[in-house]
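Before any questions on binding or motion, here is one chain by itself as structure tokens, the form predicted on its own.
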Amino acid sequence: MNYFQGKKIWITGASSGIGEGFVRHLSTIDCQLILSSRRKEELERVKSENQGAKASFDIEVLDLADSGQIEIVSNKVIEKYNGVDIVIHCGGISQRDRVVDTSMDVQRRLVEVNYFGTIDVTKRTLPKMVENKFGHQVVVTSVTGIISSPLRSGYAASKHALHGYFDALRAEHHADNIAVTLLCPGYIKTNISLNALKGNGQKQNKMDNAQANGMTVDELIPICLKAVSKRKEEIYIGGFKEVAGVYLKRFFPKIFSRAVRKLAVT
């Protein structure tokens, strides 16, 4: 049986990019998909474009920066479906500016959405998973969750934090049959750099060259789904330089540091 068949799967950040890609690929499987993001009209679009496939769809508008809304929506989803089997955390925002030029408001927003919003959804879905002795928390972090590069201080910090949190959760709840998969993509061709925050809080409104030339979402998602179905703990996905950077940082940190300093800082 397909790992996802018959499962109740909640996807955050489902209205675009990687989250939308998960919806598109999982819609071909007989499962229940709960789609969440801030933009209801975009969720409706994603639902309509995948209607007629095998999956059933539900829409729950959710802002990861709003803890009160997370509580209300999580309680609604858990009550309606008696818990969920898999949560795929795709919601988040990025950053493109130097440390010295990035306001604390922006730094706090990056952590609020990418870290606190994600772990809030996790905390609220976890008890039922423990009760049911089955659950899977799938977290789209980034290669930047392992290594950092210029202009992404707050983004990298929020992704690093996710690794620390979910590594602990995995160890604590292994005996409860709770899996954690950390997906660490490199450059993926989405709008994340267009929507990335500058230091003053405004959107960058520009596609990075590396992003424009990155792996497509439809190339990425099958790799992710295979890793999740095998309950892998952590995988790195991307071009040679992105994945090699992880190991360079781990085994040759001084060489990695010199290489990072050569990256463009604007």
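Numbers for residues come from their place in the sequence shown, where the first is 1. All values derive from a computational prediction rather than experimental measurement.
The next section is about a form of this same protein that is not shown, the form predicted in complex with a small molecule.
Original post:
Could you tell me if T190 has a non-hydrogen atom within 4.5 Å of the small molecule in the predicted complex?
Top reply: T190: contacts the small molecule in the predicted complex.
Original post:
According to a 4.5 angstroms non-hydrogen atom cut-off, is E219 in contact with the small molecule in the predicted complex?
Top reply: Outside the cut-off, so no.
Original post:
Given that the partner is absent here, does A65 sit within 4.5 Å of the small molecule in the predicted complex, heavy atoms only?
Top reply: Although the small molecule is absent here, A65 would touch it in the predicted complex, with heavy atoms inside 4.5 Å.
Original post:
At the 4.5 Å heavy atom threshold, is A14 in contact with the small molecule in the predicted complex?
Top reply: Yes, A14 lies within 4.5 Å of the small molecule in the predicted complex.
Original post:
For the chain shown here without its partner, which stretch in 127-135, 173-181, 109-117, 71-79 has non-hydrogen atoms within 4.5 angstroms of the small molecule in the predicted complex?
Top reply: Heavy atoms within 4.5 Å of the small molecule in the predicted complex occur in 109-117.
**OP:** Report the residue, out of C90, L151, I146, I86, that has at least one non-hydrogen atom within 4.5 angstroms of the small molecule in the predicted complex.
**Re:** Selected residue: C90.
Original post:
in the predicted complex, which of the listed residues (K241, K232, K198, R38) lies with a heavy atom within 4.5 Å of the small molecule?
Top reply: Selected option: R38.
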